[in-house]
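Below, in structure tokens: the form predicted alone, a single chain.
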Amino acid sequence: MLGNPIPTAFHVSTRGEYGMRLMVELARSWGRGTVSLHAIAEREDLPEAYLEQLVAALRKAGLVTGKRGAGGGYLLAREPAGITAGDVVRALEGPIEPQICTAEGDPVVNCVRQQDCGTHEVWAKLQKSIATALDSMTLAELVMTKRPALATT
């Protein structure tokens, strides 16, 4: 029996998936004004209340800004070419760490097997590959589909 996975190990949850979909929709509307979460929720078939939670984390990370009141909504804090998938994932999921022993950017200090571990290199290479892939994709590249932008306010 393998037991439970380490809770701090990296995996993309619905938080990361839905947040990425939210950010791609905001990128589609870049330069056209704010977009309501209601419009994104309807278009992407996502729960609006959950998007509100996600946008709070994305605002805290400096990736989106919001406008209240009539004509309110959200927009990217900077141009889509300046925001990577890695930025979004880290804002919503935390550091990219496929195993506890591969802390992003930090030396490993919490594994008693580190010095003699035969698998550490596997996890370190995986962490680097995932981070490199996510950091190489911008929102501008992800919106290069034929799907039109949402109406803005």
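Counting begins at 1, following the sequence as shown. This one's a predicted model, so the numbers in the text were calculated from it and none came from an experiment.
Here the subject shifts to the form predicted together with the DNA, a form of this protein not shown in this document.
Colleague: Sort through 96, 63, 27, 37 and report the residue having a heavy atom within 4.5 Å of the DNA in the predicted bound form.
Modeller: Exactly one listed residue reaches within 4.5 Å, namely 37.
Colleague: Answer yes if any heavy atom of residue 82 is within 4.5 Å of a heavy atom of the DNA in the predicted bound form; otherwise answer no.
Modeller: Heavy-atom contact with the DNA at 4.5 Å: absent for residue 82.
Colleague: Would you classify residue 15 as touching the DNA in the predicted bound form, given a 4.5 Å non-hydrogen atom cut-off?
Modeller: Yes - in the predicted bound form, heavy atoms of residue 15 and the DNA come within 4.5 Å of each other.
Colleague: Please tell me whether any heavy atom belonging to residue 123 falls inside 4.5 Å of a heavy atom of the DNA, as the geometry stands in the predicted bound form.
Modeller: Taking the distances in the predicted bound form, the answer for residue 123 is no, it never comes within 4.5 Å of the DNA.
Colleague: Could you confirm whether residue 33 comes within 4.5 Å of the DNA in the predicted bound form, counting heavy atoms only?
Modeller: Residue-level check for residue 33: no, no contact with the DNA.
Colleague: Pull the contact list for 62 to 92: residues with a heavy atom within 4.5 Å of the DNA in the predicted bound form, in sequence order.
Modeller: Heavy-atom contacts within 4.5 Å come from 66, 67, 68, 69, 70, 71, 72, 73, 74.
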